[in-house]
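Single chain ahead, by itself, as structure tokens, in the form predicted alone.
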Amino acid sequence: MATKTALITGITGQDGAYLSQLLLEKGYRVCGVSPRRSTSDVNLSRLEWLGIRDDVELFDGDLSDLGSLIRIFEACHPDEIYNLGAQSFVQTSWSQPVLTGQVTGIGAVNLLEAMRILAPEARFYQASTSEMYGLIQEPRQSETTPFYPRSPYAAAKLYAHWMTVNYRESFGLHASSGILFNHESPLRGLEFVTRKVTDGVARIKLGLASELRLGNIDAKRDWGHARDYVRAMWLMLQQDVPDDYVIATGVTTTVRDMCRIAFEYAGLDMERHVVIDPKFYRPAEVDVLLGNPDKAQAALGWQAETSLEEMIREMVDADLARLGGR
């Protein structure tokens, strides 16, 4: 059997790194799109953390530049395309709404266009997001729940999501979307609340800080491990018929309780260290997200394998190791 080639945008991010690791284990050739705007701003630390930096091929390119994507397609001839690239931090999307729209929204269409022109027989995965549900219309969100985005990021993702559906129906492309609920890991960026918490806990434990400043800690999220979720991405592209799937644990937890797990694991009293700072509130808050993964479980045979407690402990341990080794 010939080796399959996968092309991953966002390969240097959390999901891109874990997906690369999974695909390499399955014998794929893995190519990645790496935006380069200077000689030193490509962050390869996640690929290095997993020990796979030298096993992937990186190509200079950008989702906002269709020409660069076409050149990458011509160079690597992908069988599977995973669009994980985006301006993916919700808070930043209010201060950079145009950039978010261009990269997160239009960028997905550029990738679909390159596929339509050069690799119409390939299979495409779009990283959609639970943030598209926003002001939730149903207590548990499924593939049929109406969307109500509450941030420029969510609106851009919704455009990319519907354009993926449109290209599937208009051009017969094998294009699927995973509506992924929050998924975290030791490779999560520090701007995301779970990693902000575990990094803060590690700093306090090691005497490098005394407080952790957070915003709305009563918001509820459905949190899983990124390592589990990239497996769902791969499974979607192995199906005969493309479709859209919610990927979630089916359990929702407050930021407050997630914090408590991290502080208690480190032997610390959360109440002594957490400070609520209104500057971290969102202009429009998403109060509750709770996914219904029944379709993915039935059609893909997928389910989350890592509990929130296991994930948070792994993240605290990783941050203690990072900071302790300074």
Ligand code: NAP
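Start at 1 and count along the sequence shown; that's the residue number. What you see is a predicted model; the values in this text were computed from it and never measured.
The form predicted in complex with the named molecule exists for this protein as well; it is not shown, and the discussion that follows is about that form.
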Give me the residue from L158, L180, L173, A232 that has a heavy atom within 4.5 Å of the named molecule in the model of the complex. L180
Check each of M236, A86, M115, A202 and return the one that places a heavy atom within 4.5 angstroms of the named molecule in the model of the complex. A86
Does E184 reach the named molecule in the model of the complex, with heavy atoms at most 4.5 Å apart? yes
Flag C259 as yes or no: does it have a non-hydrogen atom within 4.5 angstroms of any non-hydrogen atom of the named molecule in the model of the complex? no
Evaluate Q297 for contact with the named molecule in the model of the complex, applying a 4.5 angstroms cut-off between non-hydrogen atoms, and reply yes or no. no
Touches the named molecule in the model of the complex: T129 (any heavy atom, 4.5 Å): yes
Would you mind picking out the stretch of 73-81, 120-128, 134-142, 162-170 that comes within 4.5 angstroms of the named molecule in the model of the complex, counting non-hydrogen atoms? 120-128
Suppose contact means a heavy atom within 4.5 Å; in the model of the complex, does that hold for all of I11, R46 and L63 with the named molecule? yes
